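Taking the form predicted on its own, here's one chain by itself in structure tokens.
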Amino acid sequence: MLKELLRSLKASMGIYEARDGSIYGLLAEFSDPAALLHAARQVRKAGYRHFDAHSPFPIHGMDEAMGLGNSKVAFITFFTGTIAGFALAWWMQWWMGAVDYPLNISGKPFFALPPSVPIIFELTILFSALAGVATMLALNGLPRPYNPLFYSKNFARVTDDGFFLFVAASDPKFDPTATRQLLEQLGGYNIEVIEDRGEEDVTPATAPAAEAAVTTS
């Protein structure tokens, strides 16, 4: 139960686990953004949850097609950064002025809210910003220098003109044959089985051996 919960949590961050020790999933290429959007919507309708779409630019409607919903960054930032920063600043001003080092200045109270507002405001903003950045990195599974998709030669075109849909092997509905047939029916081509090779070096394909030099008489 706990293992499945952790697997789902990691999948929500785009971090998938290999299946049977090495099979990471299936990667299919699509001709254009509309085909990729249609494929993502149909894959989700088929019941898959551990999949991701990759394109050189954002595609309008992809979040709805993948069922991503609203971002959780603002919600988590509010409770972990905004409230924490506000409470810490309030407590720090009270403790420093009224408990740790109280000074009676012209009969003014040891702790008063008006002069404490700038510190409370600044710490609230600081903690909110730090929590927002940390939450964004965590929900995106970053930093992540290694990804098994880097072993695909075709995937290198994702920053240029390639549109790809990846279905992870960790998905409960994943079946190498049935999932491949589904991707083919949706118009996918260049379908590859991606393996997780750990930290093995990703080396580009070697160029064909040069033809033997022609000797002249």
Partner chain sequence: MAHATKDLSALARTDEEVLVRGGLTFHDITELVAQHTEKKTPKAWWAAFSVAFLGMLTLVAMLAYQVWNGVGVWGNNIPVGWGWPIVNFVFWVGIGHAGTLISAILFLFRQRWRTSINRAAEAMTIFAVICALIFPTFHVGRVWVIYWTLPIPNQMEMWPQFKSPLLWDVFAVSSYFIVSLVFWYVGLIPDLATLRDRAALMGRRLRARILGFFALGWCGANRHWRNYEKVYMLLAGLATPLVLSVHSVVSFDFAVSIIPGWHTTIFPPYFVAGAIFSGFAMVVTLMVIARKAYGLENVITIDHLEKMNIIMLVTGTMVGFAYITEFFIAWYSGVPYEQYAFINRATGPYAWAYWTMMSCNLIFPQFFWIKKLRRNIPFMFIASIVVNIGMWFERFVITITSLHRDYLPSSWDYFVPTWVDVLTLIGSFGLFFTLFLLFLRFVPMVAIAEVKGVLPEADPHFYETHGDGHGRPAEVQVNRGRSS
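Numbering follows the first chain given and starts at 1. What we label the rigid core is the largest C-alpha set whose atoms superpose within 1.5 Å from one form to the other. Treat the numbers as computed from the prediction; the structure is a model and nothing was measured.
The same protein also has a form predicted in complex with its partner chain, omitted here; what follows describes it.
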Is the gap between Asn147 and its partner chain in the model of the complex 4.5 Å or less for some heavy atom pair? yes
Glu192: heavy atom within 4.5 Å of its partner chain in the model of the complex? no
Any chance Thr177 has a heavy atom within 4.5 Å of its partner chain in the model of the complex? no
Within 4.5 Å, heavy atoms only: does Ser128 come near its partner chain in the model of the complex? yes
Partner contacts for 106-129, taking its partner chain in the model of the complex and a 4.5 Å heavy atom cut-off: Lys108, Pro109, Phe110, Pro115, Pro118, Ile119, Phe121, Glu122, Leu123, Ile125, Leu126, Ser128, Ala129
Superposing on the rigid core, is the CA of Pro115 displaced by 2 Å or more between this form and the one not shown? yes
Any CA movement of 2 Å or more for Asn147 between this form and the one not shown, core superposed? no
